[in-house]
Ligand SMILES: NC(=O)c1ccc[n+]([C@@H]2O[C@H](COP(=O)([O-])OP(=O)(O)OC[C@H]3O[C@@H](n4cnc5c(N)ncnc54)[C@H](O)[C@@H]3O)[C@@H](O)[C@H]2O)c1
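What follows is a single chain, given as structure tokens, in the form predicted on its own.
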Amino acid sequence: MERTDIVVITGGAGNIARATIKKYLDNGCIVIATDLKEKNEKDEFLNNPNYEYYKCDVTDVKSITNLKEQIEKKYGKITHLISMAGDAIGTDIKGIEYVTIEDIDKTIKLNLSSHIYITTILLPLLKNETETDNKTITYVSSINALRAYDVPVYSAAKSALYGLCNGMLIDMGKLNIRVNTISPGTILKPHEVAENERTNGEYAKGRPKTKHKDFAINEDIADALYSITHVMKRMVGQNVVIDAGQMA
């Protein structure tokens, strides 16, 4: 009997996550999506028997523990953890001179601490997966960690995900769990078109003029995540940049 991978995706109500959920469902995986938002009864995936959605605050240990208990009760294990919850918060977008202490704490908790929380709490479920050696943890960082975009605290937290990944490699290697990061660039929202001011404005300066002149789209990140977990099975401790040339 063919085995089925169980994939947990945090930040599951976001546009990148929705594309990622579809990618894994289309490839026969069970997907457990989590987000702070309530379940949307119009969720396009709700009728898929391989899809589940749980409300979960990834900045709250009790909420994650409750999620872990629900998953353990039904499945007993998971195969892949894709931790992508995150966002720039409030005054951080004004720069270091104006960011408030409150927003610093919120930004670090959402964009760094939450990833550590979910990893440590769900790790026993990854350890319980004994039917395959292909188990992964993938953190979604950002090119904000690699280039100046004037959101300093967000950038610091996203940079720290690289350190988190590297710091875990030896211990996770002993458990046959591969850990990697992915760093998306600017992602156009579904309603945005190629020739808008974002494409032709400051973000676009210096970008190579290729056939794919738009910014990356949600499906690009989904494809890259699936490749990390299911195609490039010897990739360990790497950061994959998907930015349509923004870093070039």
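All of these numbers come straight from a predicted model, not from anything done at the bench. From 1 onward, residues are counted along the sequence shown.
The form predicted together with this ligand is left out here; the points below concern that form.
Annotated contacts: 3, 32 and 126 are all free of this ligand in the model of the complex [non-hydrogen atom within 4.5 angstroms]. A heavy atom within 4.5 Å of this ligand in the model of the complex is found for one listed residue only; from 78, 177, 140, 153, this is 140. Residue-level contacts in the model of the complex: of 110, 99, 172, 164, one residue has a heavy atom within 4.5 Å of this ligand, and it is 110.
The stretch from 53-61, 66-74, 23-31, 39-47 that comes within 4.5 Å of this ligand in the model of the complex, counting heavy atoms only, is 53-61.
This ligand is not shown here, but in the model of the complex it comes within 4.5 Å of a heavy atom of residue 13.
Residue contact check for residue 121: none of its heavy atoms lie within 4.5 Å of this ligand in the model of the complex. Of the heavy atoms in residue 85, some are within 4.5 Å of this ligand in the model of the complex. Residue contact with this ligand in the model of the complex: residue 187 places a heavy atom within 4.5 Å of it.
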